[in-house]
Ligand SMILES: C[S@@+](CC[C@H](N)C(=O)[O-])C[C@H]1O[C@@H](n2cnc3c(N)ncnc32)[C@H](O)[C@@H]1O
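As structure tokens, one chain now follows by itself in the form predicted alone.
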Amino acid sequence: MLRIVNQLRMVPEVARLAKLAPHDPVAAWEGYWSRVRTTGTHGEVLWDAEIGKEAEQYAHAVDTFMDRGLPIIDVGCGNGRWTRWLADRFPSALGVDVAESAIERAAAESTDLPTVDFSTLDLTAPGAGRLLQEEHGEANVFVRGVFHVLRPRQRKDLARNLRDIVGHRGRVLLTETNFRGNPLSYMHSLGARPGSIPAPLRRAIGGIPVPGHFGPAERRAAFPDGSWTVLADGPVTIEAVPMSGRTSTSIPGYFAMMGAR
């Protein structure tokens, strides 16, 4: 009961912050990344934690199902942390993001890496997948924490573009947060309390689209069985930056490895 009371006491502050976020998602992401000053484990970006612990959960699926001779595209790359990790495992890695400020930061954090490149692109836009396929050929795709902030229509648009990118040989590895409680309980799990919301979480609430959860049901709606084959899926843990202390913050998540039919 005390937990519920504390969550309700957070409503005024959460509502005030949420009103600050632009209604246009592209403008929201551009505004968010343009104001980022520090990244990394103790930086301002909620999801920019060290990736070693989380990446171990995907390694077997990558080795088993992905053609390591193909390039890979990191969708929603942000500052490029995961793009750089992917570049060590594939011939080349391209990070794409709707926010030009994110791409500028990713490039600045990835100097002297000849197999890494970045591009500003909205992959929910019609034809965006064909554009990448024409430029890079069939490719693998990595998506972390994108679908859960999209509306259902946008999810289908993005999945359709990913199908154009992967062709016959590429694979999609997506991993998304899948906390099944309400938004207040989710924020509470990340350390928010009445009168005290951790700074990375505060920036997210006031700057970007409202997140939802993304699990098997949401994946089936976006990636219909008639168009996609699920090669592996299951629960994972998504790592976020520390909300308190010196350890990362763990969030329930879901991953799926898929190929186009």
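What you are looking at is a predicted structure, and each value in this text was computed from that prediction instead of being measured. Numbering starts at 1 and runs along the sequence shown.
Another form, the form predicted in complex with this ligand, is not on view; read the next lines as being about it.
- Contact annotation: this ligand lies within 4.5 Å of heavy atoms from the stretch 69 to 77 in the predicted complex, the single such stretch among 85 to 93, 186 to 194, 69 to 77, 163 to 171.
- The closest heavy atom approach of residue 47 to this ligand in the predicted complex falls within 4.5 Å.
- This ligand in the predicted complex is not approached by residue 133, whose heavy atoms all lie more than 4.5 angstroms from it.
- In the predicted complex, this ligand lies within 4.5 Å of some heavy atom of residue 122.
- Residue 223 falls outside the set of residues with a heavy atom inside 4.5 Å of this ligand in the predicted complex.
- The candidate spot formed by 29, 33 and 97 is fully in contact with this ligand in the predicted complex: every one of the three has a heavy atom within 4.5 Å.
- In the predicted complex, 144, 145, 146, 150 are the residues of 127 to 152 with at least one heavy atom within 4.5 Å of this ligand, listed from first to last.
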